[in-house]
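Taking the form predicted alone, here's one chain by itself in structure tokens.
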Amino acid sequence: MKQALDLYGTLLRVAIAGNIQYRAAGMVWMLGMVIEPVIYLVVWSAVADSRGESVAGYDARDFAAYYLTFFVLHHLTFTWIMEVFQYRVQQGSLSFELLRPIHPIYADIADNVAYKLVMLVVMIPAAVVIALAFEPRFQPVGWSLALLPIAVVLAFFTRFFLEWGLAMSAFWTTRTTAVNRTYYSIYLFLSGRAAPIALLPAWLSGVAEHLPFYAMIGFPVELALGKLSPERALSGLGVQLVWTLFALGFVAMVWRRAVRRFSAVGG
């Protein structure tokens, strides 16, 4: 345990220094993360206002609370590994990472956490501005908020491990754009990102609740807003745990085959 803590402490310090050095690039990423939920919020608020009532139980202020919470939790759970892994393989930088006595995934986790910590100085003011502009209605529930940290951690690892595993398709294909776009298209509609899954047809929202995409962001957002019953909350945590363990096993299985293939090509 002490060795693991020392390892992550070192990796985290290095990653924080790197993210501070390239903070301009981080600002560009963060700008995109601010704009996206604001666009969704404006669109769905306009829909609710035009109908003069709520949409699937959400009025304009409810949508403001949903997308403000989404903005914060998405920052804590997202990963960019599927966008960059292809270049690590093609350009050979992964070769140097394989020379280290630790699995590359450890450094990726540290880099992701470091970025989130560094960008808090931008995210928090942005969240305050959005809250002042759109007046979200929050109705938090104590027990739900108590479960939220667990849900956020599981959401992060579900998404991180699953996308790390899918990113390794770069070992077999020269371009992973098709894999990435297909994955993100499904994620966009079934995770609660483009709209709360309550706006989906009943049969589809029921299916979505058991898929990893909703576990990655929609579930923790609704948990934070107090929109789930205790039964659904516990069920959602169970789904998250199952998908986290599945994704971890998926990474381990694909990594063993991918490294052998990478070594063969490199030789």
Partner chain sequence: MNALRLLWVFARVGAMGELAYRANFWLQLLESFLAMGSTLGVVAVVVSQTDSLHGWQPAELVAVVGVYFAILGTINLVIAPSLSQFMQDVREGTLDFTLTKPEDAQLLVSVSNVHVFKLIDVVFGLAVLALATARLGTEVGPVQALAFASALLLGAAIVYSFWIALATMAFWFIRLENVLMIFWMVYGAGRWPLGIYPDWMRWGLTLLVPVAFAVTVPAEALTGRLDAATLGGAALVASFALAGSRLFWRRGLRQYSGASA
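Positions refer to the first chain, counted from 1. This one's a predicted model, so the numbers in the text were calculated from it and none came from an experiment.
The protein also exists as the form predicted together with the partner chain; that form is not presented, and the subsequent description refers to it.
> Between L200, L237, L211, A60, only one gets a heavy atom within 4.5 angstroms of the partner chain in the predicted complex; which residue is that?
Of the candidates L200, L237, L211, A60, L200 is the one lying within 4.5 Å of the partner chain in the predicted complex.
> The partner chain isn't shown here, but in the predicted complex which of F157, F78, F134, F71 has a heavy atom within 4.5 Å of it?
If I apply the 4.5 Å criterion carefully, the residue I get is F134.
> Thinking of Y40, V47 and T182 as one candidate spot, does the partner chain come within 4.5 Å of a heavy atom in every one of them in the predicted complex?
Checked in the predicted complex: all three residues contact the partner chain.
> Within 4.5 angstroms, counting heavy atoms, which one of the listed stretches 103 to 111, 89 to 97, 189 to 197, 147 to 155 is next to the partner chain in the predicted complex?
Contact criterion met by 189 to 197 only.
> Consider V55 of the chain shown here, and say whether it contacts the partner chain in the predicted complex, taking contact as heavy atoms within 4.5 Å.
Within the cut-off, so yes.
> Please check if R51 has a heavy atom lying within 4.5 Å of any heavy atom of the partner chain in the predicted complex.
Flag for R51 set to yes.
> Give a yes or no for V128: in the predicted complex, does one of its heavy atoms lie within 4.5 Å of a heavy atom belonging to the partner chain?
No, no contact at 4.5 Å.
> Within a 4.5 Å heavy atom cut-off, is L117 in contact with the partner chain in the predicted complex?
Although the partner chain is absent here, L117 would stay clear of it in the predicted complex, with no heavy atoms inside 4.5 Å.
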